[in-house]
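Given next are two forms of a protein chain, the same chain in both, each as structure tokens and marked structure 1 or structure 2.
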Structure 1
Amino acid sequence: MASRKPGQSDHPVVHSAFAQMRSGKLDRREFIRTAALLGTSATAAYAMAGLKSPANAAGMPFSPDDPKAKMGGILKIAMAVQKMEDPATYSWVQMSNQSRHTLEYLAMTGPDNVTRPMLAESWTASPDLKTWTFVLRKGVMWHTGEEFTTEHVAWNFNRWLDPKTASSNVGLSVCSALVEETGEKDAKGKAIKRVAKNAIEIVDRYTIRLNLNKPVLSAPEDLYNYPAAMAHPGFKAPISDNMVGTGPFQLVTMKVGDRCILRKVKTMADGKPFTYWGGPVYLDEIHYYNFDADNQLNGFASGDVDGVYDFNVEQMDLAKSLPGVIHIARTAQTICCRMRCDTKPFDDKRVRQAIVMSVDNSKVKSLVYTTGGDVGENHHVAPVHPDYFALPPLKRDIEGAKKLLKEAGFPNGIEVTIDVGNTDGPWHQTACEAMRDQMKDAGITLKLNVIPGAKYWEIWDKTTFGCTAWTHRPLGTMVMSLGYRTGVPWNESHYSNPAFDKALDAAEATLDVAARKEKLGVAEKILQDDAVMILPLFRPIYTIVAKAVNGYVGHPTQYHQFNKVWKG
């Protein structure tokens, strides 16, 4: 397929990225992602790259209507059914899946890693990427009978950025560029920030402008982060008591640890018929039934459900024996065995470095995932990320580890305990046991404190040494910003390094797509050298659905978007 050139209306960065793609400096897939972020339609971006565009309805983030689709039916999915308090503070993907078909997003990043307009109809960015203008779809209705407008968008942004909300969204690049220092500190000594004057500008009923204090390339992509769902201004916690949204389904039953049932919306609160902006939706209901990670596949095998959230690598042989369709996605999903940098003995970098140097990540990965997945490099950017920069391979160094421990005051070795919740399944424990066996050679005794997954999520950001699961995000800068910037809510390691923050700022502010990789590589190396974590691998995701389930496509972040799914 012949490619076409960008036009005059395309952003200058699109022209630059196109030239880099033609010269071989930029992958075609990365060009498509970048062009779509900067307002070029996905169809046009694919055409510029000389590739056939995946089937998506014109102007929509969803696939086109299937002429063979049948209306009706109930889709049953095995997944942990979790408590839903506040969408802005969701801490796990499962929570967002339970509300994803009710509470929607301004943009939607698909399984192909391309971000398309959702509640927003389009967006444009200024040449310096400091001003982003979003135009909303007209006629999008809340279940209350009100039209969705920019007043509601501004309300959500202001709420996310209010320190009282404690939303992880403040760690997103686009949100961090909307705030300024107040000069004040909270009770814990953290700097208090507030929304900068005129940062969120309502132009008219359907147009909103974000005036940033630094360039940000990933603004639309950030807005499909799972805690960035648009809530109604009448929201009161818990959201499960009155979930008002713009999506095609409404919550009718919610029992934590049991079931979550969604039913198609037919009428609005004012009694008028509800017409969904996204076109026909085939299913009548979506049911989530609570299954532990280990038992989801058993639920599928017994016929109790039509699909699962995921299954473990140990269960692949069983999955292959079942009459279903297996979906495998390469992802940035991982476990982060991180140490609290402000707590003894891990406040001594030499101790952290010794622990990290005693482990061979490639051997841990090969023990846990014999096929698929990628070896981790003890920072949070994965090879699947378009902004990944390859650093020199890590080498295990037992003698070096012993030397560092001696310098730190532990000549006879050290004993440490890691909390493991197996929140994604027993492979967490398997990986930690492999690390334990390797650490022995350096005089490090690693004890595993295995606790229930629900208990782990109560302490994940407090424990001194913990094995935390992190989900996939489409861009490496996103997870680095969410997890390691000084003072952000999800900084579970309590890591703070101005040099890292500066390097990450530089990567996020670089307009040249190829140059961004090298700048992010600087941040990767700083995090790696500071030995904050052992991040041994990035895992593939395995899911399975019944053959009667049509239109399902696995997502690397395990986001469920069932708008065009139907049952035969």
Structure 2
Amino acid sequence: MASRKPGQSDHPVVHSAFAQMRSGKLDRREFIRTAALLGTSATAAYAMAGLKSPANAAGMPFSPDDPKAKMGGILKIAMAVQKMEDPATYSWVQMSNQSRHTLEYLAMTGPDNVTRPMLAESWTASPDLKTWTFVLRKGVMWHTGEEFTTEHVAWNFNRWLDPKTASSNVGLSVCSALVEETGEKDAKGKAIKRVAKNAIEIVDRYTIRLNLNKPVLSAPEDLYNYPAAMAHPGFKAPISDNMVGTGPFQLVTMKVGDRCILRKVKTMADGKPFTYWGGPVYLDEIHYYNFDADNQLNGFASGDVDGVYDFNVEQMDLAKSLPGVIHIARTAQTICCRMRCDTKPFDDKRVRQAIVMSVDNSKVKSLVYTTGGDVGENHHVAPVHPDYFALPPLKRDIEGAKKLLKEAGFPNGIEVTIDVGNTDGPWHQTACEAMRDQMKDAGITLKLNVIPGAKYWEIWDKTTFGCTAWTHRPLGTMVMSLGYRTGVPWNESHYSNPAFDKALDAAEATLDVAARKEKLGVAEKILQDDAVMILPLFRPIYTIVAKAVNGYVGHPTQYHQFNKVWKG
């Protein structure tokens, strides 16, 4: 039972969500997430939902201080150590982990999927969700000795939105609502955009307002997207040469493909002692050592490292045999085996439908991931997404697939080739092989063209049939906007359906949480019926840490946060 009601200061959507939760239309976890996004403190949101709040330090995004914690020590993690050029153009989560303890974010989404203020102290949204006001913490210091202010926040926003920066942040809902089209087009025919006038408004030293041109519910959540770290205005690429941040650690050694060493900051550039705004930090150093994905567990088994970034499902038995704690996180990370809707033979919807109908996603999932994970439904919204709307389960239909192929002019079956880059591990290939075996029954010959991951990223948006890895994103609307709206840069399938765009617009513009789910369900159904992709599963994340590591919590996006981690 709920033990507290929303007050006058809470956003109107929190009131309606509260009512929906009480009438059973809204899950309590979802209510907490929504209320926290709209500025209600996470503790208050948990209280309203009648749930016990995870122990977080008051007003902090981190766990509370542990009285048993030992100060000092080095935490060693096996992970790919990658080049850090520009935080706004990070293309891998690993890059952001290397700088996450130095370059911080305005907000922080915890492992419980609840977003809490980080460099921002609080935020409020207007009733129509078009105006977001962020108030910064006072006394947050850069390592240079300057105070972190709204000038710096505005500088970061403007840089992300500058097309020359090439930041993927432009695809975020909050950023796309800050820009307007100039009416001009570039050589490729893409519309040129610019930051809308007064979109980023500095109210005072600690208050900044974002004036959006459409309602956005996920603004704080967007600001924990991994390329949205706050960089110092003195930044010059590569960031690894002079990484100035507000976090408790600083970069002392960076060797791409070898190691990234972070050490606790004691003094600022001006010689004054550095006091971290987030309270005590226990570790002295964090070391990332370069290990390829398949070798990280070997490094852990040898005792070289205290934990790994992740390990593959094929390595689960080995992991279980090692002394350590295995963390499994439910995520929306997936592979999207998508077909180019404007290219033969996939421009014929019947061919796409036949291919999709010949595969049993639940069998592929259970074959590839025996522990954890969710079955995909060929529309890219995952059960873990708070706005997920459950559609009727998909059924494999071999006869139906054959019939469609015959109608499409392929009475003797069809041969198609899929490009597989294994960019997220060899499980991509395993899943495609399972699909290949299933498709045979419908007379479809699927050939796998396996290429190196780096090569795949060169063709991911060009290949006619490709298996692309998509990382976890907190909202279903977010991933649909990024990947399937007509003409957006990451629409790799070249899918275009005005009915889908309209349904997605309607879902995004709906503030009522339960109604939003239903409307997103309409978009899900359209995308599923148009058979754009086989999306067989959503993968779990497996990681392992030594028993001596305390305070470690697995995160669905694999974002590392070690401020309250200590070694026993």
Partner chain sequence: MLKLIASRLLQMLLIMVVVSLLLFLIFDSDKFKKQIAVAELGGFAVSALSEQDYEAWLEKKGLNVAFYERYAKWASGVAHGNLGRSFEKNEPVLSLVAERLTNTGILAFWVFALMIPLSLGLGIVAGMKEGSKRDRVVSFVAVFTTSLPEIATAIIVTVVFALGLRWVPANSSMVNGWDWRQLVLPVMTLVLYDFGYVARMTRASMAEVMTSQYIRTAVLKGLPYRRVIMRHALRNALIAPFTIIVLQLNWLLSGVVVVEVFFQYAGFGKLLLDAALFGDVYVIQAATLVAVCVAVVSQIISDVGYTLLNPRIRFG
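Treat the numbers as computed from the prediction; the structure is a model and nothing was measured. Residues are numbered by position in structure 1's sequence, first residue being 1. Think of the rigid core as the biggest set of C-alphas that the two forms share within 1.5 Å after superposition.
Novice: Assuming the other structure does not fit, state which one is the form predicted in complex with the partner chain.
Specialist: The chain shown as structure 2 is the form predicted in complex with the partner chain.
Novice: From 468, 358, 538, 513, grab the one where the chain hinges as the two rigid parts shift between the two structures.
Specialist: Comparing the two forms, the hinge residue turns out to be 538.
Novice: Treating the chain as two rigid parts, what angle does the smaller turn through between the two structures, in degrees?
Specialist: The angle the smaller part turns through between the two structures is 12 degrees.
Novice: Residue 493: how far does its C-alpha move between the two structures, core aligned, in angstrom?
Specialist: It moves 4.6 Å at the C-alpha.
Novice: Let me know the CA shift of residue 363 between the two structures in Å, rounded to one decimal, core fitted.
Specialist: Between its two positions, the C-alpha of residue 363 lies 2.8 Å apart after core fitting.
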